[in-house]
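First comes one chain, alone, set out as structure tokens in the form predicted on its own.
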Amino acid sequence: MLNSESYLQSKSQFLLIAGPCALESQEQLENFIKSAQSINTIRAGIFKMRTNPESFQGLGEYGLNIINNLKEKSSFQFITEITDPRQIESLDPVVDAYQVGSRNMYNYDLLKELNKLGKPVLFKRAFSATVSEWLNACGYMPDLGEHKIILCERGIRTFETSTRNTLDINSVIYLKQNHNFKVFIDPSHASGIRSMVRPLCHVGLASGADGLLIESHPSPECALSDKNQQITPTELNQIRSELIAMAPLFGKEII
């Protein structure tokens, strides 16, 4: 699990974090939990930053009640994006780790506040940020250090338009060779295409990454956000089985 010392200290454990892009209802997340095998760290957006102001912005405070209810029924860790320091008071009791999205990589006031909390932060790279800029932003969370900051490569903006973003696998390998941060790959945002998620997960394991952040929805075609890149729990379970078979080749253990 993401905030366990055994995982944060391990060099061989490979963690799958999965769940819907946005929390839409208790039934939706309950169905995902029942369908996804052995996913113990769940992601779901409660407060959503959307480029289009008309798009679904998340359930907000109501979503917190849903997570509380589900945590009473099931044992799982929960990670969600924080978009504003003012959300800390309501989010902190229910989250085990925070996600900082690409739009907030430069939100230094937010990073300073997260530094005080001591919980792991999954820190996404901004659309057009260099690796150096990304690492410099980590400096605003010095108390978390390389131990509790998990860098997440989610694809960068390039001239290529055939996919949503371009997965910079170079950055993953570079970071693992030169730093001690945990490094994740987000294959969902990197491609924006559901059928590409599975092979990109394989690439993520082979690259030396420490885990994957995957968007999975019980009914992707009905999703209120990013429906084209979300996979079903059945597909997620298949990917996990394939990664378990591959893991020994790369000295990894899937958790």
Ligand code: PEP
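Each residue number is its position in the shown sequence, starting from 1. Since we're looking at a predicted model, the values are computed, not measured.
Another form, the form predicted together with this ligand, is not on view; read the next lines as being about it.
In short, of 94 to 102, 111 to 119, 169 to 177, 70 to 78 it is 94 to 102 that has heavy atoms within 4.5 Å of this ligand in the predicted complex. In the predicted complex, residue 21 approaches this ligand with a heavy atom inside 4.5 Å. This ligand in the predicted complex comes within 4.5 Å of no heavy atom belonging to residue 210.
For residue 182, no non-hydrogen atom is located within 4.5 Å of this ligand in the predicted complex, even though that partner is not displayed. For residue 148, no non-hydrogen atom is located within 4.5 Å of this ligand in the predicted complex, even though that partner is not displayed. Residues of 141 to 156 that come within 4.5 Å of this ligand in the predicted complex, judged by any heavy atom, reduce to 154 alone.
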